[in-house]
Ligand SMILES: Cc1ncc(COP(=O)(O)O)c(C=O)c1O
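Shown below, as structure tokens, is a lone chain in the form predicted on its own; questions about how it binds or moves come after it.
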């Protein structure tokens, strides 16, 4: 029996590369895994007050919740957005989801018909490509300029907008490059969206993980329809809890029907995890001390891997301004390179073409989440490979 073609065309490079790594592990070979953005795989851990909130709720209630998400969590998100971004929204503007990936899936389900186009960063987080295709739409990558710390090429963005374009997506800080966009850049993208009457989608899942610069949300622009995606997996060190959310910041009621299409999907999937939503309430309303400590550790590790990579002949990279990824450049076939490094020196990266076949090729992505001792071992192995 034949499966639906839409499923057979799905690719997710970040986890696809795990399959050959598992085969090596079956032979007893240790793999240094720098492929996945999961802080808890290393020496980070979910704050204790969040764990306690989940455990307490488990003892108290295990039934269904509202499809839109717990009211208490949506109220906490309203307060967070007002404090961080001076954004005035109500609980009715928010839908809680099973991680940001479900946010993207339901958003694209409500927004995109077959043949529609959506502008995505080149390179980008793979579900933006995979899920657009899943719904029969066309993800159109706009160039980001490596030599300018992966800043968006605004002229390229303008050239790629046509009557089929429904939205432009921005991931800030960016996955996979770690690029951090300034307020001026966001304003210019907002102007492009306004001029062409398209939606601005802002993925802000790494918003508090920045180093020298500050994160800005495009919410300071009041005359564009804006959809913000966020969650607790990265900043609050709880990726397996699968709590994300979508914020609809409307303009002249342009998002009404899209919001309703989104809510219909939320109802049919019933609700996202009630227990971990309680943990998310504790995350947003509780102590924030872990963030400063987390960033201090990550900054040290970023600086180390940045220097080591640029010291290796045949490898060069820009310094990430946020998130915990770095996207070095190499010569040749990037997928072959990643598999060769895995098989010969047992370090697992992700091939850059998995993030965009046009603007990601000739690169690979690494996390810098592990302790420096682990990164050092990985860089020593990579350097040995490159010398050979």
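Positions refer to the first chain, counted from 1. A quick note: this is a predicted structure, and the numbers were derived from the prediction, not measured.
One more form of this protein should be noted, the form predicted in complex with the ligand, which is absent from this view; the next part is about it.
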Does residue 325 reach the ligand in the model of the complex if we count a contact as any heavy atom within 4.5 Å? yes
Report yes if any heavy atom of residue 281 sits within 4.5 Å of a heavy atom of the ligand in the model of the complex; otherwise report no. no
Contact flag, residue 205 vs the ligand in the model of the complex, heavy atom cut 4.5 Å: yes
Should residue 200 be classed as touching the ligand in the model of the complex when contacts are defined as heavy atoms within 4.5 Å? no
Look at the stretches 257-265, 111-119, 169-177, 150-158 and give the one with heavy atoms within 4.5 Å of the ligand in the model of the complex. 169-177
Name the single residue among 225, 218, 139, 99 that comes within 4.5 Å of the ligand in the model of the complex, judging by heavy atoms. 99
Among 318, 233, 165, 210, just one has a heavy atom within 4.5 Å of the ligand in the model of the complex, namely 233
